[in-house]
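Heads up, the chain below is alone and in the form predicted on its own; it's given as structure tokens.
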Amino acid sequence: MAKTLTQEFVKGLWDEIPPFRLVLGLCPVLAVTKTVENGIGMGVATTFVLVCSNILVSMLRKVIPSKVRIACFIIIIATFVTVVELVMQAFAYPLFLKLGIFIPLIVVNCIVLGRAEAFASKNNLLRSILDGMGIGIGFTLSLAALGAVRELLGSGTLTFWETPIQIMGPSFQPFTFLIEAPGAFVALGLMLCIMNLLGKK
């Protein structure tokens, strides 16, 4: 039985949440989540690209020849990534500098390309929009949650709009290991474990 429109959106928030269920897009998940702000910024950028590319792929799915569909999908995705880059350079330049090379790497993010190939190229416009929004918001929440855990335990702060807010008291001894690269793997592993335990229940 076909999923309802609500299910198409909600699946990305839990059942198919990219880093924790599909285990996709781990490169930016691990690299940019030193702070909540970075996680949210990367998530919003990816969501924009995901929704827009899903829209265009769904609209052109009957026109694009199957033999060159992947190349066409990459061109579509690259177009929207360029838009994101230019907008961030104009309106959020400090965040753009923090995210660095991971913004252009959205082009080859397996979440975006995977949704274009597995979903948008086979479904109508409305379902593709809802799928892109659900998966994108789920991805953003994942990045924000991982960033919050790493930043809070690693430095005792949460950063919003380039302003670190001190959460932990003066006696708190931060686990600085968590804001380093190996700490990202540990934090992700623990969160995957928790998600799997919750999923089984």
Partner chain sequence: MREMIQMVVVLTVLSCVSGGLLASIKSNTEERISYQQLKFVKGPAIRAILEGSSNDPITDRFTLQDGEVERSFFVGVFDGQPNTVAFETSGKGFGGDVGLMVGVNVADNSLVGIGVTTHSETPGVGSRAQSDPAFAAQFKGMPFEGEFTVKPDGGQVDALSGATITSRAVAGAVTDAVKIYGRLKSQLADQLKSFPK
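Being a predicted model, the structure only gives us computed values, none of them experimental. Positions refer to the first chain, counted from 1.
Same protein, other form: the form predicted in complex with the partner chain, not shown, and the subject of what follows.
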Any idea which of 112-120, 99-107, 75-83, 127-135 reaches within 4.5 Å of the partner chain in the model of the complex, heavy atoms considered?
75-83
Though only this chain appears here, would P65 touch the partner chain in the model of the complex if you measure heavy atom gaps against 4.5 Å?
yes
Heavy atom to heavy atom, is L60 within 4.5 Å of the partner chain in the model of the complex?
yes
